[in-house]
Every structure is written in structure tokens, then in C-alpha cells.
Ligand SMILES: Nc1ncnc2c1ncn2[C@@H]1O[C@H](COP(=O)(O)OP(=O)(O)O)[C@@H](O)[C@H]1O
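The chain below stands alone and is given in C-alpha cells; this is the form predicted alone.
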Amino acid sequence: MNYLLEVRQVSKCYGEERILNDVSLALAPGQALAITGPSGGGKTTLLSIIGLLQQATSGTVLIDGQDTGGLEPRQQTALRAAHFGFVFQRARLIHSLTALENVMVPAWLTREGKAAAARAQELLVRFGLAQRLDYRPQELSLGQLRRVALARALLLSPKVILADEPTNDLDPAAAAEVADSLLETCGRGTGLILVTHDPGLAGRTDRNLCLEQGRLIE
């Protein structure tokens, strides 16, 4: 099978503390995978290593079959921009920009054109934010911030979405909207890996893995 990404025996240590211990997983096109487990157990660290935001202490991360270990930083940055969309736990929006401008940030970094601007507006309308295009993050609710972050992640049609606690702190209605939007992308062939403490959301994915004492358990 051609996987979107593979993680092979990845370990991560901070000094003498081992956070991840020989972790392996693979993600196929259109597959949704949930990673659960206790807080502080390394789930966000694993997501960052998968997304090439952190370096593993040992092991291999392959993107479309390519070993990323020998890539220069600029090559990793280009691969990350082309392959991944990120939904961070704290949204990480730029407060001086409007909702529409925040969604456009990935396009500016990759020098995409007018088509990206049209898609950014289309995504915000689809997520119920048609009346909030010119609002800044401080003028939006937590649920609206998370939807702006999701639109930003989807802007360049990534092959894989990495979502860290995407429904955390949201009311049930907002959480359902964000979850539905994330899982809907899998129907178009996008891979999804999400970290969550929500058993209901984890139960809707194709695979549910638990990270305990640095190891993944099916």
C-alpha cells in the first residue's frame, strides 16, 4: 500500500527522560486515526515529529515514501507546507490580521495567488463565518477561532491534517461542527491524525491508538 506517511520506531528523549519509545504507525489516504492517552504522555510531541516541527531522537519519518531524516531545514519546510495542514490546540492565529487574512497565511508563505484567496473565503463561508471575514481573533468566540484555524489548515488542500485537541474547550454544538468538518475531509482522500481526550470523537475514526508510557497501543 502507498501510505501518506509512515513513522518507524521513533523515539524521543529529553535528557534521560524518554517520552516516546519505538513508536510506529502508518496513515493511508482517506484514513482517520485518533491518538488518545493521559496528559503529558507525548501525544503532542509525536504529532510535532510527524509534522516535521520537531526532530526525533531516533527512528524514521517517511512522507510519501521519502525519508525526511536527511533533508535540509528548507527542504523540510517546503515538504511540510506542501503535505500538511495543522490545527493547533490554541488556534495560533495572528491577532493583527482578520479572519480571512489568517486563513491566507499559508498561501502567502507559498506565494499562491488569487485562487487561494477565493478558496479562503469559500472555506470561511462553509464554516458559518461569512459575517466574520473582517473580524480579528479577539472579536471571535473560541469555536469561531477553531473554525478559522481549520479553514487555514485546509486552504492548500493538504494530503494530511494534523489536529491537536481540535474540540477541546468547545461547547457540544461547536465541537460537533469542528469534528464533522475534519472527518469530512477524509472522504476526499485526505489523511487525518488527531490527538484527543474526547472518546466520542476518537470513536468516529478508523483507528484509535492509545499512547501509554511512550508506546502506542491499538
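Everything numeric in this text was worked out from a predicted model, so none of it was measured. In this text, residue numbers run from 1 along the sequence as written.
Although not depicted, the form predicted in complex with this ligand is the subject of the following passage.
Distance criterion of 4.5 Å from any heavy atom to this ligand in the predicted bound form singles out Thr44 from the list Thr57, Thr60, Thr44, Asn168. Contact annotation for Ser39: at least one heavy atom lies within 4.5 Å of this ligand in the predicted bound form. Proximity of Ile19 to this ligand in the predicted bound form falls within the 4.5 Å heavy atom cutoff. Residues within 4.5 angstroms of this ligand in the predicted bound form, judged by any non-hydrogen atom, belong to 31 to 39 and to none of the other stretches in 31 to 39, 65 to 73, 153 to 161, 177 to 185.
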